[in-house]
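Have a look below at one chain only, the form predicted on its own, in structure tokens format.
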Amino acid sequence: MALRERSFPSQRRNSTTMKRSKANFETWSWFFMRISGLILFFLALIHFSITHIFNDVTTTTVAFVAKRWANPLWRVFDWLLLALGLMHGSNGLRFIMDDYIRTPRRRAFAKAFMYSLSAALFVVGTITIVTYKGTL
């Protein structure tokens, strides 16, 4: 005869009395990391294949990029790689800062610096992708 765990009435959870946990920023942040990581894996794999396997790296010139970016879908692809990469990396750095920077003042300063740098890189990258007019 197998031993059974006894549950006492005070330990039982009734579906009507169970409270659902609220989805907060950390929950959505955790979810974003999983989804963005999966999408970034395929975006980076495609980017690496096109740049390093199907084409020789030495032939990657301004003309190569201009020809590729003549199609708006490639610009969207590269912008998604930029945006998701920066957001995924910034979110990961935020996790690390929360773990290792103990004082709230230093943590706030480090996060402000990281968010500012990420925003500046995003703006410069987006401007580059949108306004690029290379020579063919």
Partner chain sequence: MSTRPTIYKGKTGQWAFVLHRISGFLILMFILLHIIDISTINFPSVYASIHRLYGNVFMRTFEVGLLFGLTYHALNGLRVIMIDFFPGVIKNEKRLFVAMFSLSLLLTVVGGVIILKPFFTGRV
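Numbering follows the first chain given and starts at 1. Since this is a predicted model, take the numbers as computed values, not measurements.
Just so you know, the form predicted together with its partner chain exists too; it's not on screen, but the next bit is about it.
Of the residues Leu80, Ile50, Leu93, Ala110, just one reaches its partner chain in the model of the complex with a heavy atom at 4.5 Å or closer; this is Leu93. Although the partner is absent here, Asn24 is not a contact residue: none of its heavy atoms lies within 4.5 angstroms of its partner chain in the model of the complex. Mapping the unseen interface onto this chain, Arg105 falls outside it, with no heavy atom inside 4.5 Å of its partner chain in the model of the complex.
Mapping the unseen interface onto this chain, Thr61 counts among the residues with a heavy atom inside 4.5 Å of its partner chain in the model of the complex.
Under a 4.5 angstroms non-hydrogen atom cutoff, its partner chain in the model of the complex lacks Arg75 among its neighbouring residues. Residues Leu38, Phe41, Ala44, Leu45, His47, Phe48, His52 are the members of 38-52 with a non-hydrogen atom no more than 4.5 angstroms from its partner chain in the model of the complex.
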